[in-house]
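Okay, here we've got a single chain as structure tokens, the form predicted on its own, with questions on binding and movement later.
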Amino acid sequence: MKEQLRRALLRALQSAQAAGDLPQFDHSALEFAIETPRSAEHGDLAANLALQLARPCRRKPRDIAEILVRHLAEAGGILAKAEIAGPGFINFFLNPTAWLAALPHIMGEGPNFGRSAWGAGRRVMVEFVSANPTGPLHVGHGRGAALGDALARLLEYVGCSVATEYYINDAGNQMATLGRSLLHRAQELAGSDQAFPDNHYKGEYIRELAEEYLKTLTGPAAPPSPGDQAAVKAAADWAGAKILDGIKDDLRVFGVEIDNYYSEQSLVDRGAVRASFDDLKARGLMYDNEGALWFAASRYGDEKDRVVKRSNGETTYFASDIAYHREKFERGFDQLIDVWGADHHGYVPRLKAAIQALGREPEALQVVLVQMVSLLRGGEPVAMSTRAGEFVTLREVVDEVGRDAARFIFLTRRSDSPLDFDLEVAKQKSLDNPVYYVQYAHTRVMSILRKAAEAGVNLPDPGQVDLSRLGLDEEVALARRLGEYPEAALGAAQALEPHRITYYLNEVAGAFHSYYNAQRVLGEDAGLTAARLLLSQAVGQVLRNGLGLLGVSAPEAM
């Protein structure tokens, strides 16, 4: 509806210019907002076009608004009236039929309703999860996985060319620690009484890996020593590959298919880190100090310069990240989106500084932060101890509550807000469960359609339905909400906020539940039945489309 009104306003501007009421000027780059007023007394929608035209037209905004309203006749039957308010806002009051007209359009577009070409030509890389391959994914990783996957779906939905990637941190000290942890457990299982180091990985998964590792050894010799560097490297490679296979399988079960798994070690082996150093040195942005190599990050807004190679010759994580993001741009991506844990917020300025130093705008990198998840059972916290290696895995949560519930609940709040995830609520088959609440609205639609078929009532041709039969306020309000879905999808994609879709679907489901409980869809009046069937069909279509953006199913029965 906003786009329809936007086009009508531009036609009114052209008409006013052709009539000589407003001066001619190039308005191809003209930008103005159409918003929903806070109070219904101010209309359905309001535009600030007259205020934006004040300078090029050299007229008072209110005078311009009056001229535009006179030339709005081409808006057709969608407008009941237009009023001028304040310094020159135009408030629009729409005919109810304007909202109802969205229903046949929704059914005509079907699964494509809501799609747009906003991002056409834009190549986007969404990197998410990227957990160290030193242990299975936990429930916190699940929130990042749901968010990253939903972002990729949203951006593709609005026209972007999207690729997803998992960055495997397999080149740091944590991998050596993994190898030593495995060998310590293997020696323990083989009868050694040597104490297990406190600063190593202690989870039960290490014991299970050690049991499997022992079966790969041949001959009577004891497991290699954790002090044997070659053995540690081999053990780390073996365990890392096993863990990564498990991570990939967990993500598949969670409904997440990553396009590419990118190894940090491969980045180092190819000399990409060294190449990025050479690039920044050529730009005069690297310098030596006390035997270490520094990047002049403070020149681009970071609070201080950053070490990229220590005096002992070891490169830092930051050095790999510079090379990795440089390589992403070399692959032809215009926009990089990284999904990180909120504890990495302080890392954002330095990476943005590196992006600028490489000749890109800072906005070419957008970092979406994900806050922690508090796992509850019946309102009580689920005890977890990171030090003891005890945590709830993503797979355990999915196995207990199901993929749909887990994904939907992870996306019910802004990613940078803490989230309470109650396992018992997620399992409930009641309207207290947020995903059940939305899915049940869809099953109600499908139930209506099945009953219509059983009664021999044919589904209406959307273009032949008498929409004027939908005269109830709740019918018009529901149609209006459905028509706003494309705007909701685009807004969620532009803001990188998939939780806006869960909010929207919750509102649509709530409106339909209320309508379903108050009104009969199938009745004796054929015309009214056809109109209400069309409305119900449109509800089902929008719910399916929106749930698909979240990677959640739309069941036909529950």
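Note that the structure is a prediction, hence the values are computed from the model and not measured. Each form is matched to the other, and the largest set of C-alpha atoms that superpose within 1.5 Å is called the rigid core. All residue numbers are counted from 1 along the displayed sequence.
The form predicted in complex with the RNA is left out here; the points below concern that form.
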Q. Can you check whether residue 513 is within 4.5 Å of the RNA in the predicted complex, heavy atom basis?
A. yes
(Q) Please tell me whether any heavy atom belonging to residue 328 falls inside 4.5 Å of a heavy atom of the RNA, as the geometry stands in the predicted complex. (A) no
Q.
Test of understanding: in the predicted complex, would residue 448 fall inside 4.5 Å of the RNA by heavy atoms?
A. yes
Q. Applying a 4.5 Å heavy atom distance criterion, does residue 413 contact the RNA in the predicted complex?
A. yes
Q | Listed residue (381, 332, 110, 87) with a non-hydrogen atom within 4.5 angstroms of the RNA in the predicted complex | A | 87
Q. If you check 324, 437, 201, 277 against the RNA in the predicted complex, which one has a heavy atom within 4.5 Å?
A. 437
Q. Can you say which of 287 to 295, 223 to 231, 394 to 402, 429 to 437 gets within 4.5 Å of the RNA in the predicted complex, counting heavy atoms only?
A. 429 to 437
Q.
Please determine whether each residue of 42, 418 and 520 possesses a non-hydrogen atom within 4.5 angstroms of the RNA in the predicted complex.
A. yes
Q: For residue 88, decide whether the Cα shift between this form and the one not shown is 2 Å or greater, given a superposition on the rigid core.
A: yes
Q) Against the rigid core, is the Cα displacement of residue 39 between this form and the one not shown at least 2 Å? A) yes
Q. Residue 516 and residue 38: do their C-alpha atoms lie closer or farther in the predicted complex than in the form you see, with a change of 3 Å or more?
A. closer
